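Quick setup: one chain, the form predicted alone, written in structure tokens, and binding and motion questions come after.
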């Protein structure tokens, strides 16, 4: 059974095919092939959601399937039923399951026992649907006619702020897997985690990232600037400390002035304006954050279609 819990779950050829299919689905949304017709897919949320829920629910319906939304607290999981039993039983009902959770072990445990595809809609470790969306969003700006992964190989991408976050981890894995240069700019104590380095080792991937405490150095002549919220869901108790520690890594007008003139600004949203990014940058001419948000729909439809094709 094929799952999508890391981008490395798809071969590079499958990733390329998924990106090409994303382009076609975006261009021809009103005539989406009903590749999931007469199926039912579940959406299981341990974490609240806007973009993940709406993009997956709409995407599943546009692919011809029924979307069934579940909240962990409103299921027997919330009363102590094991993930193993839940995965086995839901596999008897559903054709696939998208999970948005805190602990990454939730999706790996579901994948271990399920006989249907499991899709990682986000965990505290990584966010594979978002990273593939971000890659598509960059590639369609580089050359909208030819969405080729190879176009990233001569690009410099930078991530600022919480460089030990799930999005930073996702970029670290993507850089090593696809083969592009990534620079991470954050304070001491926010270096890439042991877990993500172990993931690279387990996949026999050579790291392609560097880490610096100097945000100006990181922004120098970069093609893409990324950031994310400093206080993720579940980390609210550390809010004041995080904001003080990360203040020097805000993406603002002074920082982006060091990037290439045609740089792209990415943020997976929601954004906290005045913290990790300023209003002028997120609404500036180099920002593609709303394209990113829209592209979640098209990219995830392509991911589900690829999983369905593999199961046939």
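As the structure is a computational prediction, the values presented were derived from the model and not from experiment. Numbering follows the first chain given and starts at 1.
A second form of this protein, the form predicted in complex with a small molecule, is not displayed here; the remarks below concern that form.
Of the candidates 250, 35, 52, 287, 52 is the one whose heavy atoms come within 4.5 Å of the small molecule in the predicted complex; the others do not. A residue is said to contact a partner when one of its heavy atoms sits within 4.5 Å of a partner heavy atom; residue 270 meets this definition for the small molecule in the predicted complex. Using a 4.5 angstroms threshold between heavy atoms, residue 301 stays clear of the small molecule in the predicted complex. The closest non-hydrogen atom of residue 48 lies within 4.5 Å of the small molecule in the predicted complex. The small molecule in the predicted complex comes within 4.5 Å of no heavy atom belonging to residue 169. Picking from 59-67, 36-44, 278-286, 262-270 the stretch near the small molecule in the predicted complex, with a 4.5 Å limit on heavy atoms, gives 262-270.
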